[in-house]
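Next up: just one chain, as structure tokens, the form predicted on its own.
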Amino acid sequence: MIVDINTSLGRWPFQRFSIRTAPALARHLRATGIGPALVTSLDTILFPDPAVGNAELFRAGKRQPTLVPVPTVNPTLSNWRAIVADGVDLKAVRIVPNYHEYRLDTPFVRQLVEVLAAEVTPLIIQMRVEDERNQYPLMKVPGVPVADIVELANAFPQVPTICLCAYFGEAVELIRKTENVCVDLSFIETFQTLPTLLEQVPATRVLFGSHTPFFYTRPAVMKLEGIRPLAEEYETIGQANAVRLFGNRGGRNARLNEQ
């Protein structure tokens, strides 16, 4: 069983997705060998209030047991505390600093992470949504700076921090300079991707993420298949790390262990 920590549902103005509903996403992932998946809402990124997209996501997730919804918060808005407090069986909280236009060293981000630290709730940082080279020319959004993530993670070492969509060099730097940051595979590309990455970082800091529906899912699975002969590393990246971070928090999270 593979656990995917980077999938999404919703609308995006610069792409048209063939996977548009929760049932379609669950079927698609199952067909590519993926069991449970963390899923976030694309509508939380560009809508004025992430609560709208979160509500729709959680309604859809109730009917799809393999999809585990993760709320997105914008800590510049006053309702982030309510979103975190109202999260049923909260697995993690996602932030998108570059699209919501704030730096990670601001006081309201620290306040959010302090709340997460109290319950040791994982923080997911979306470093980018699209490759900068493929962005719409009039809407260029740079990735979240590695140095800012390192500073925040080291200030709150008790908070598991998962960075989505890091490039290869960023992933290596994040892992080497922190003790609590993990990365997903979706944007990591090089020759013999995983064997090369594992020469520089431990498998315990890498998680499977496909970035479906922005990317085709099968190539991400093929990255993982590249280390199948290394049974322990394959299991660690494909499932065990996700279960360790998200699957032992009770409630719906327990389903990560049950698939």
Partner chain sequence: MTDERMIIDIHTHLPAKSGVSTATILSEARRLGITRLVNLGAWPLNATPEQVQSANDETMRLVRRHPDTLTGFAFLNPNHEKGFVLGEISRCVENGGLRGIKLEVERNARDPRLDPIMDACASLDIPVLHHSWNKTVGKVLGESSPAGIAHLGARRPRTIIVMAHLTACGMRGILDIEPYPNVYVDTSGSQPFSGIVEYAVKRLGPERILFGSDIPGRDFSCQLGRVLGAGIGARDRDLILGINAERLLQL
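Remember, it's a predicted structure, so these values are computed and weren't measured experimentally. Residue numbers count along the first chain shown, from 1.
There is another form of the same protein, the form predicted together with the partner chain; it is not shown, and what comes next is about it.
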Q. Of the residues Q135, T106, N154, T76, which one places a heavy atom within 4.5 Å of the partner chain in the predicted complex?
A. Q135
Q.
The chain here is shown without the partner chain. Which stretch in 200 to 208, 187 to 195, 36 to 44, 63 to 71 comes within 4.5 angstroms of it in the predicted complex, by heavy atom distance?
A. 187 to 195
Q) With a 4.5 Å heavy atom cut-off, would you call L112 a contact of the partner chain in the predicted complex? A) no
Q) Is F214 close enough to touch the partner chain in the predicted complex, meaning at least one heavy atom pair within 4.5 Å? A) yes
Q.
I'd like to check something about Y167: if you look in the predicted complex, is any of its heavy atoms closer than or equal to 4.5 Å to a heavy atom of the partner chain?
A. yes
(Q) With the partner left out here, check for me: in the predicted complex, does some heavy atom of R176 sit within 4.5 Å of the partner chain? (A) no
Q. Does anything in 142 to 159 come within 4.5 Å of the partner chain in the predicted complex by heavy atoms, and if so which residues, in order?
A. none
